[in-house]
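Quick heads-up: the structure tokens below are two forms of one chain, split into structure 1 and structure 2.
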Structure 1
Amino acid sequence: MTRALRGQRLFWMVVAVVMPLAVVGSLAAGRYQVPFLNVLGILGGKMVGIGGAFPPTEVSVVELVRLPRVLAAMLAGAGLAIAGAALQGVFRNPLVGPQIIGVSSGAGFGGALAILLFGSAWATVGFAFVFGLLAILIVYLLSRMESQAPILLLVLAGVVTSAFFSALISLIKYVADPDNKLPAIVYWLMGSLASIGWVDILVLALPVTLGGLLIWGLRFRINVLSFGDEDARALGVHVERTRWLILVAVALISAAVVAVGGIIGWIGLVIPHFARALVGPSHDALLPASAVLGALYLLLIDDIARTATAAEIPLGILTALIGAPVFAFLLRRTYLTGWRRD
């Protein structure tokens, strides 16, 4: 067995132990006291199809409040991490993520616009998706030079696009009715899974699964693309077509997450790094590992958001508080170890 495979096997063994613990632990944690054994009993009863004799409120807390929320956190975390890993691969740059690349602000603007104009969940998803894609298209066009996307240009194009859509978001806030629409938009933009229901899970699960599967199917192509356009073309790969598929998948995932949970930053940027350190850079191993780590990470963050205080803490704040310093550290280390050659 190769060294890389040994590392991956160890990783998955640890995950196989940690993941169930994290899920059950999250289902047991919350502001409303549900005895741990009852949580297990309610879940177990659900699985084998028998309703035990548990207090109805405890059942609804576990089944209708915590379970959808736990699922949503894991889906969103996994989706964002996969999207980030794929972006880092195709842009050959470990410092990009859905937020750096402007897709989050684009989707954020689309969603805010939809709330302002319509206020229906599906419109929010649709608009978030269209504008997320538009943002990524703008960044892509801005940063292309002679069919390359150099690191500096890419980050700058992302900054420009983000700034542009942030300005549009401000404009929306400015014109929104301050008694009604504005608080809804502000709250939504800060990111929260507080009111996730089973319908939201559907809105989230479909695009994330679709985008995730598409990216998973392209895992080998991402490896090839990470050597650069020309190299990939010489290896017989349709570079543009592959890259577009990935961008669409990333926009799909980011938009769904933004639509359901608002702008939850930094996960797509930071998580793939940890995954890469644990299972190596090859995307057949990296993508599932990123998904699992992203799911665990957002699950944990969301647990903090909902249990730390009586008031909800917006997720965007927590992920940024942790993500920004980590990103700064990575930026520095990356520069020092010579990814500069791009």
Structure 2
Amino acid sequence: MTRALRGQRLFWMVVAVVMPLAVVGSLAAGRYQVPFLNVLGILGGKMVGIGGAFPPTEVSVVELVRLPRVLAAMLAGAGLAIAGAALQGVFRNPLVGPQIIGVSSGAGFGGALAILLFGSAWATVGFAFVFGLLAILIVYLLSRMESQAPILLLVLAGVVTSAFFSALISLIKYVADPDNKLPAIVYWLMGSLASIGWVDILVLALPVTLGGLLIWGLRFRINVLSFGDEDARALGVHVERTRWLILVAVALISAAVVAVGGIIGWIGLVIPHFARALVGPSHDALLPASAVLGALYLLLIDDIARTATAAEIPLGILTALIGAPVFAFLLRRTYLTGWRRD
């Protein structure tokens, strides 16, 4: 057995132990404490009909409040991490994340516009999703040169699209009612899973699952694309079609996450680095490892957000406070060391 395979086997053994503990611990933690064993009993009674009688309040807290939130955090974290890993492979650049194609800003503008005009949760989800997909369409139209879309032009189109929608978000903040609409818009944009329900899980799960399965189906083509466009074409890969399929999948995932939880950054940029260090660069191992680490990471961040202080901390603040220094450390360790050696 090679060293890489041994490392992957050890990784999944650790995940098999840590993941259930993290889920049950998250269901138990909060301002209203639910004993660890009671959580296990409630879950056991729900799934297989095993368990005793528990206080109705504990059952309601676990089943109706915390379980949807835990599932949403894991779905969002896994989706963003998969999207980041796929983009880094396609663009052959470890500094790329889902925000590069402007979909987060587009979805953020859609949600902010819905809050301003309607104040409805359904309208917020719908508008965020539609404008997130509109952002990728704009990137597509801006980046087309004859029959191809060069990588640099794709990145520049994403930056331009993101800047445009960010300006529109600022305009919405400017005209919003400062006593009512503006606080709701600002808080939503900072990211939160506080109001997640079972309907939101459905809205999040379908696009994340579809986008994730599409990326997983293209994993070997992503491996080939990471060697360069010329090599990929020589091996029979339709570069433009594959790249756009992946971008659409990333847009689908990112728009769904923003629609349900607001803008949650840095996960798609940082998590794939840790997954790559643990299981290697091949995407057949990297994608599932990124999904698991992303799910665990956002679950932990959400636990901190709702338990660290009396008032819940927005997720976007925590992911930036943790992600930016970690990424700076990785950047210094990886690239500056490489430059010195050269």
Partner chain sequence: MSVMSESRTALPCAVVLAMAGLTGVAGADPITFTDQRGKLIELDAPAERVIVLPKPIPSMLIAVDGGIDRLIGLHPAAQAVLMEGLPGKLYPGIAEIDTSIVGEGFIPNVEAMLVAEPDVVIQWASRPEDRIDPMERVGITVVGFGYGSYEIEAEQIEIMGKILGREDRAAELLEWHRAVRENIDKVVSGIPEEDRTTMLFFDRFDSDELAVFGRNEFFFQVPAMRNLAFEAGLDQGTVTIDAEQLLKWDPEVILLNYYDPEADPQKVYDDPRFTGLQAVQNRRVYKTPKLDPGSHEAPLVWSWLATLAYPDAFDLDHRAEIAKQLEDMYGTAPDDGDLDSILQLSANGDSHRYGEHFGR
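For the two forms, the rigid core is made up of the largest set of C-alpha atoms that agree within 1.5 Å on superposition. The model shown is predicted, which means the values in this text are computed figures rather than measured ones. For residue numbers, the reference is structure 1: its sequence is counted from 1.
Two forms of the same chain are shown on their own. Structure 1 is the form predicted together with the partner chain. Hinge residue for the rigid-body motion between the two structures, chosen from V62, L247, L189, G212: L189. A two-part rigid motion is described between the two structures, in which the smaller part turns by 16 degrees against the larger. Per-residue C-alpha deviation between the two structures, core superposed: I136, 4.3 Å.
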